[in-house]
Structure formats: C-alpha cells, structure tokens
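Alright, here's a single protein chain in two forms, structure 1 and structure 2, each given by itself as structure tokens.
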Structure 1
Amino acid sequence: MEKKTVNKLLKMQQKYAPVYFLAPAMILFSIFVIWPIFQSIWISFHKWDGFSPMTWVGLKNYRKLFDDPRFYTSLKNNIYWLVFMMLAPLVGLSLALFLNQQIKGMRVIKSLFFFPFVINLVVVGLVFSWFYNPDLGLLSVLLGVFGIEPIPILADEKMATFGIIIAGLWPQTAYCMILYLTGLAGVNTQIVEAGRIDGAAGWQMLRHVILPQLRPATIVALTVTVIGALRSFDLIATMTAGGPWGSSYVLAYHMYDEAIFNFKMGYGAALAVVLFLIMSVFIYFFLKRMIDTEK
C-alpha cells in the first residue's frame, strides 16, 4: 500500500476514533434514557390503563394536576427535601475537613463515616424506621432519659416528611464527605504555603485558599444532592409508603402510585414530565456552571 494511502487512513482513523468509542454509550443512552423520555411525554397526552388501547386526551392530564391536592402536597414536600438536603454538602465539608487531619487512628474513624454511603437506601429506611419506633426504638429510649414521652414521628402528618429527610441526609452527607475528601487530596500545597506566608489562617485560609480549589467538588456535590432530593423515592416507599394520609408524598412516589396502583399511566406520565422539567432547570444551571468553571 502506498505511503500516501496509509497516511490518509491514519488521519481518518484519528478523526473518527471518538465516534467509535462514544457510539456504544450513546446508543445505550438513547435506548434507555432519551427514548423513555419522549415515550413518557407521548403517554402523558393519553388516557391509558397500561392494557387497553390509548385514548388521546390532549392536555387533560396536565389540567388535572392543578385540581389534585396530592400534587400540591408532593410539590411542597419536594421543596422541603430540596432545602433540607442542602445541609448534606455543608456537613460533608465539615466532616471532610475534620477527617483530613493526620492523627493516629484517623483511618478507623474515616471507615466509620464511610459506612452510611455503602448501605442500600432500603436498609437505611428500615434502620430509621426501627430508630423512630415509639415502642421499641432507640429514639424513645433517649427521650425517656429526659422524661419526654415517645414521639410517633412516622405516624404524624406534620413530622413524617422531616423524619424521612433526616434518614436521607445520613447517606447523602457521607457521599458529599467522600467528594470533599477527594478534593482535599488534590489541594495545591504550594498555594496553601503561600497563603500561610501572607498571614492567612483559620477561616481566611478556608475561604480564600481551600474553598476555591474545592469548587469542582462543590459543584458535583450540589448537583448530585439536588437530583437526589428531587427523585427521592426509596426511603418514602420503605418508611411510610406515602402516609400517613398521603402527607409524605413526593412527585416521584405520587407518579409511581398513580401509574402502578391506580392504573393511570397517562396521569403518572404527566407527573413524570413535570418532575423532569423541574430537574432539567437545575441540571442546566449546574452543567452551565461546570462548563464555565472548566473554561
């Protein structure tokens, strides 16, 4: 083969190499993510029980959302999840700063803090359900020490959602802590030394030297926490199944309940589309911020 032809083939190989490597992932992403999104949007415009033929109803499922009090309860609870789960990056950062010290026995302490991250959320839900149990749970024992009557947190309409959010904070904080520990391992020590020479210490060192270098970890921690808060489902299904009286519903669980148990696939798909649009807004801003940071 002529040298000119070989060079031409090599150039083509280099030019199309990214396409070859990305193609399998893009095909799988299209089949399992993109296609279900468009399918859900299409189903949301129909009345369908999952078995019989679909009937076109236009925007009826979306208009029905505004007359559904459980939709507003779900939306309000999703906002609670979103706000209170923001504690996870803050507490995770504090724990990472504490665990990043070179102290004897710190590896053992670190492994204890990693523990919640490796537990399945269903197990976390069961652990906290036992913890909150007003008859046998550890919380009732602790309250009894101070002479306080046991509180049935998961049976109280006003407290159930917050009880589940606390359970969700446990593994999410551990995840954020691991992200920040990874970020702290990559902190430029020369910049830290330069800061010390300039007189920076304590809060000044953290604010002006450490935190700017942890910006990529912070963006990832916030993005994952926001997405996790909006698609919260496992803990609610395990701990209360949306109760008591639907007070702990969120959009994801409401969608599941309507589609699977009430056979309202169209209405469930409309809830899924609303949840997708809310998540898309947050994901857009976080991705934009991440791209701007990398530039």
Structure 2
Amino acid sequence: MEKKTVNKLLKMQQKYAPVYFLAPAMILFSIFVIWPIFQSIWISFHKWDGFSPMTWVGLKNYRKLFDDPRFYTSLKNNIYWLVFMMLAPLVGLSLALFLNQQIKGMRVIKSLFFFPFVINLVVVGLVFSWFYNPDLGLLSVLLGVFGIEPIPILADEKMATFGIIIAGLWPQTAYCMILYLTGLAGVNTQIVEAGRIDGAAGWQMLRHVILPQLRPATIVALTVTVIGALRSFDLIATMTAGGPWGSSYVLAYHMYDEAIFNFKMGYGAALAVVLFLIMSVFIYFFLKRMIDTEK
C-alpha cells in the first residue's frame, strides 16, 4: 500500500516536471520574444509617436510604404545583400577545400582563418571604414601602387552598399568555411576511393562524390547566410548610418531610423513586419527541414 502511494507520487511528479522545467525559459521567451511579435503587428496598424495614445489607421502605414522611395531603396539593397552574401558559402567552400590538407600547423592556420567570425561587427565595421578611407586607408595605398586615384567607397551612392557587403562577407565566409571543413572531415573515404577507382577526379569528384555528402553543411551555410544577410544592421550603422543620402539603407536600418529618430512607431512597425514576412519564408523552410528530420 505504501509503495503504491510512493509510485503514484513519483508518477505525478513526472507528469508535472516538464511544467516547472520549462517555465523560466518559456515565460521569458514568451514575454520578450513571442508576445512582442504580435504587439508589433498590432502597432503597425496605428499611428503612434511612442508617447501619446495610439490612433488606429488600418492599412495606411502599409500603403505609405509604396510611396516611400526609401522603402524601395531598402528593399533593393536587401536583395543585393541576399544575392552577394551568397558568395560566402561559395568562397567558404573553396577555402575549405584548399585548406583541407594535413600539413604541420594546419590546425592553427584553420583557426586563424576562422577568427574574423569571432570579432564583433562594430570592430569589423570600423576596420573596413578605415580600410576604405580615401585619405589614410590601406585601399588608397594599394590602388596607388597601380596608379589609381583613391576611391571614396563609402561616400559614393553607388558603391556604399557593396563596400559594406564586402565587410559582411569577411566574417560570414569564415563561418561557412568552418561548416565545410567540419563537413569535409566527415566525408566517407571509402566512397571517395571508389570514385577514384572509377576514374573520377577534380571537378567530377567534387560534383558527384563530395558535394552530395556536404549537403547538410550546405543547407546550414545557406540558412545562416540568408538570415544574416536579411538581418544586416550593425555594419550599416557603424559604417555609413544609411548614407550617403540613404543609399545604403536596408529594411532593418530603415525601421530603426523611422522608430528611433522620427518617432514613427507605426510606420517602423510596418517595416519590421515586412522584413519579418520576408524572413518567415526562409524560417519556414528551415523549420520544416528540422521537423522532418525529427520524425
């Protein structure tokens, strides 16, 4: 009889254990991450300066987007970021293939290649703004060697965004390289040998034998790069603050600018919702894959 009660108690506490184990993380995550998403959507239907009461304006903020030239600039730049950041997985793969050799000290070399990823983006931004600086930057020195006049990259409307993307590629490529190096370490040597016997080498080997085995690494590299590209903010804030004349805006920066400096919370929220929707497409595919592997 006593044993039965004990067993029952143990069963009970097993049943309720997940509740208290989950509670702290769930409560914090719901308050500061999940709930604000819905609040932002709600705010986006209002006109609000952040202090006085909100007034309902329906879809007006979203309609305003279509008349805002800056919105198109942001959208266009977000696409540039997405497209050009794709160089990170590509170059990362090439670097990984190049470094995938066993020579003395290779471990140290690999970690040195990786370390740009660890440095914070404000520092990366400072380093690159300074590299591009037409008066004292290393780039002008290098261009000078070829007799080319200094180019003020970050002050040029057409070039600023690309200048920032290059800075963003540096740590991102390092990250992709590590993903691929880890993937290469797990490549099945028997299949590679079998491929060799069948006469596959170089490009053919890469395409038909190695790349299929690197698929998981590729998916992760693409996902983190896409999310990283859409999230880009730190570099823009440190390098150009959206300039010159708003030419390096992206949705993430545009939203921050409208909300913090222009006190247009409703409009800012609408921009954030648009960015969120674009990102949800990618998040959906990633989640689907995660949950499929779960089953």
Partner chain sequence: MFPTPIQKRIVPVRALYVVGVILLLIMWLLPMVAIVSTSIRPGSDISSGNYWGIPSRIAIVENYSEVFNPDRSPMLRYFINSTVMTLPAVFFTILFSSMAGFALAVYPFKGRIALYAMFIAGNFIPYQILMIPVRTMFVKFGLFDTIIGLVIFHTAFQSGFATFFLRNFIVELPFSLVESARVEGATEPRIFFSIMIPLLRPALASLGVLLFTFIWNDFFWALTLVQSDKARPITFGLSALKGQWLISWNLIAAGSVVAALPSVVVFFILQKQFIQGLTFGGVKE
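Note that the rigid core is defined as the largest set of C-alphas that superpose within 1.5 Å between two forms. Here the structure is a predicted model, which is why all the values come from computation and not from measurement. Residue 1 is the first residue of structure 1, and the numbers go on in sequence order from there.
Q: Is the form predicted alone structure 1 or structure 2?
A: That would be structure 1.
Q: Answer yes if the Cα of L277 shifts by 2 angstroms or more between the two structures on a rigid-core superposition, and no otherwise.
A: No, its C-alpha moves less than 2 Å.
Q: Would the C-alpha of R107 be classed as shifted by 2 Å or more between the two structures after rigid-core alignment?
A: R107 C-alpha, core-superposed: shift of 2 Å or more.
Q: Once both forms share the same rigid core frame, by what distance in Å has the CA of V19 shifted between the two structures?
A: Its alpha carbon moves by 7.8 Å.
Q: Superpose the two forms on the rigid core, then give the C-alpha shift of L10 between the two structures in Å.
A: For L10, the C-alpha ends up 8.5 Å from its position in the other form.
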